[in-house]
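Okay, so here's just one chain, in structure tokens, the form predicted on its own.
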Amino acid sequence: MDFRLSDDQRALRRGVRELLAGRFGREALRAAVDREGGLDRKLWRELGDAGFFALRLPEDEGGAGLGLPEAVLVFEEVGRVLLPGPLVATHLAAGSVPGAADGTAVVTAASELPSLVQHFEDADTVVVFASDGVPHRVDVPEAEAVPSLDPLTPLHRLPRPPLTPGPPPGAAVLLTAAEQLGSAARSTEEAVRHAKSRVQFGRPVGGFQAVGHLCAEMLVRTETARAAVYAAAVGGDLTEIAGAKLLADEAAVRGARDCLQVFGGMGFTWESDVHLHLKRALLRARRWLTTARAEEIQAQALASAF
């Protein structure tokens, strides 16, 4: 099986990266932090016009007719730039919830985090993915705002579960893993850039063995997670997806922590973006499939093999 990207897939990834560089650069990221994660509806519609949410819909339904491997490449790019919003839920709701496919509606999921819902005030529709894997629209008139670890992801606590959720859709888990992968790659790049440019005692800090080892370990974790995420996108097996989520969570969380170490005190300042990657990575690690549940799936698969 050939896992190398095709020319069309490379072009798709390049196009999304250029779009996000033009519309969600560092100034836009900081503006989003100042809005406490409030969504830019104009950008949301632009993403819809670009086919972001309708990527996997059939062409006769207005989509691009692409598959999960291509969606993984796109979500890896949004993870690199920390684009806020219920991107996965809206993407999964395209074709089921009016306005989701073209970005005129924001859809959030009440089954993404235990008892919590993200971007509740910005959302036009709240859905729950029940046991049939289909998004079911639910009526949630009010919810209590609670402090969020990630300044770009406002959270609300629901007064009660609106519907018993089913198992998390495999696509939702994998696309979240892809976001983690993008964040891990960006943290690695930023750590290497800083290690090469920051000079201490007359030489770049990357020349010190301890710093060099941190960067090397970040790269190994990122590339290992990339192989697992890409393979799971081709196979679509839930056990593989759970394994990919575990590896991507580790690459993103440990990568951001190591990046903080490479940056030193500067990385802990509000002006640095490194802490934003760490906070988002910690939150994503609890979305759709927790570490404990992913480990259970892996253990059950191993037990059934003997």
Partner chain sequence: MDLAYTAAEEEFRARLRDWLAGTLPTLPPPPPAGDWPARRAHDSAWQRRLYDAGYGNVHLDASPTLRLIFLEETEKAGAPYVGANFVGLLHAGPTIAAEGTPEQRERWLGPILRGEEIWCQGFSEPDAGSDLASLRTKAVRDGDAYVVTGQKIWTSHAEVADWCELLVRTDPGAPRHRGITWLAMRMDAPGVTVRPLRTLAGSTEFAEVFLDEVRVPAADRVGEENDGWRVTMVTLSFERGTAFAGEVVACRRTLTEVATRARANGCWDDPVLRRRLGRLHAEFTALWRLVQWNVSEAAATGGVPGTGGSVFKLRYSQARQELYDATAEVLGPGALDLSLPWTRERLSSLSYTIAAGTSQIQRNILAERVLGLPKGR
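Numbering follows the first chain given and starts at 1. Source: prediction; values computed, not measured.
If you look for the form predicted together with its partner chain, you will not find it shown, but the lines that follow are about it.
- Though its partner chain is absent from this view, in the model of the complex it lies within 4.5 Å of a heavy atom of just one residue from Val78, Ala228, Val173, Val126, which is Ala228.
- Listed residues Val192, Leu155, Leu83, Val106 were compared with its partner chain in the model of the complex; Val192 is the one with a heavy atom within 4.5 Å.
- The stretch from 27 to 35, 244 to 252, 56 to 64, 263 to 271 that comes within 4.5 Å of its partner chain in the model of the complex, counting heavy atoms only, is 244 to 252.
- Using a 4.5 Å cutoff between non-hydrogen atoms, Val117 does not count as a contact of its partner chain in the model of the complex.
- In the model of the complex, its partner chain sits within 4.5 Å of a heavy atom of Gln209.
- Within 4.5 Å of any heavy atom of its partner chain in the model of the complex lies no heavy atom of Val199.
- Its partner chain is not shown here, but in the model of the complex it comes within 4.5 Å of a heavy atom of Glu295.
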